[in-house]
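First comes one chain, alone, set out as structure tokens in the form predicted on its own.
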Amino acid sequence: MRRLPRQQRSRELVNRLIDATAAVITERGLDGTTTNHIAEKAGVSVGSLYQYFPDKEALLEALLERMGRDIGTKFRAWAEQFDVNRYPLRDVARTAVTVGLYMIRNDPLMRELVRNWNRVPTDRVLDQLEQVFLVIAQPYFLKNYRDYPVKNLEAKLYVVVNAAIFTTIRYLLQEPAPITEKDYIRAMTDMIVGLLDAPGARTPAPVSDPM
């Protein structure tokens, strides 16, 4: 069972070990990573590592929990900067899909974890991402209810979020890609809008590329 840090110095050590886990996985890959490598990278003994993490899997779980929080923070910051409530659903969906692809493709750690998606505790990330998207989406649909009077919103958001995440992972894992990125973004946007849009919604206005 993982020991929880109670003092500031202990919390700093735990954070250093999680940082080291991320760095070693990025350098060596998931299979090439051991607790010895992580302890060495963190500048501590293996015994000190085992005081807080019983094995590599516990370190990986802690890393994924933090990644879920970090990704959620980035998406919330994007939603605030982009001011999603001002835009039609199609623009919001297209931009979110584009941002998600960009975040995974340009992060070596995330690419390595995606390659091993079926072997890592993905619920540590997915549960937090679902909550983040609910927090972002619910105010959007409340504010724009006249344009998007979605019934059973929470259930539909659950389906949309999970379908988008797993389809994106599947797309990124296939080499060569079966379709162009442009076609993928368009099709995923159509799927999201098709499930959440309603007859009579306003005509989308073009927005600038968020990238």
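Residue indices: 1-based, along the sequence shown. For clarity, every value in this text was computed on a predicted model and none was experimentally measured.
This protein has a second form, the form predicted in complex with the DNA, left out of what is shown; the following refers to that one.
Among the residues Thr26, Gln51, Asn162, Thr168, the one placing a heavy atom within 4.5 Å of the DNA in the predicted complex is Gln51. Screening Asn152, Gln174, Thr180, Thr34 for any heavy atom within 4.5 Å of the DNA in the predicted complex leaves a single hit, Thr34.
Taking the partner from the other structure, the DNA in the predicted complex has no heavy atom within 4.5 Å of any heavy atom of Asp70.
Although the partner is absent here, Ala62 sits far enough away that none of its heavy atoms falls within 4.5 Å of the DNA in the predicted complex.
In the predicted complex, the DNA lies farther than 4.5 Å from every heavy atom of Met191.
Contact between Lys56 and the DNA in the predicted complex is found at the 4.5 Å heavy atom cutoff. Proximity to the DNA in the predicted complex, taken as heavy atoms within 4.5 Å, picks out 36-44 from the listed stretches 62-70, 36-44, 181-189, 154-162.
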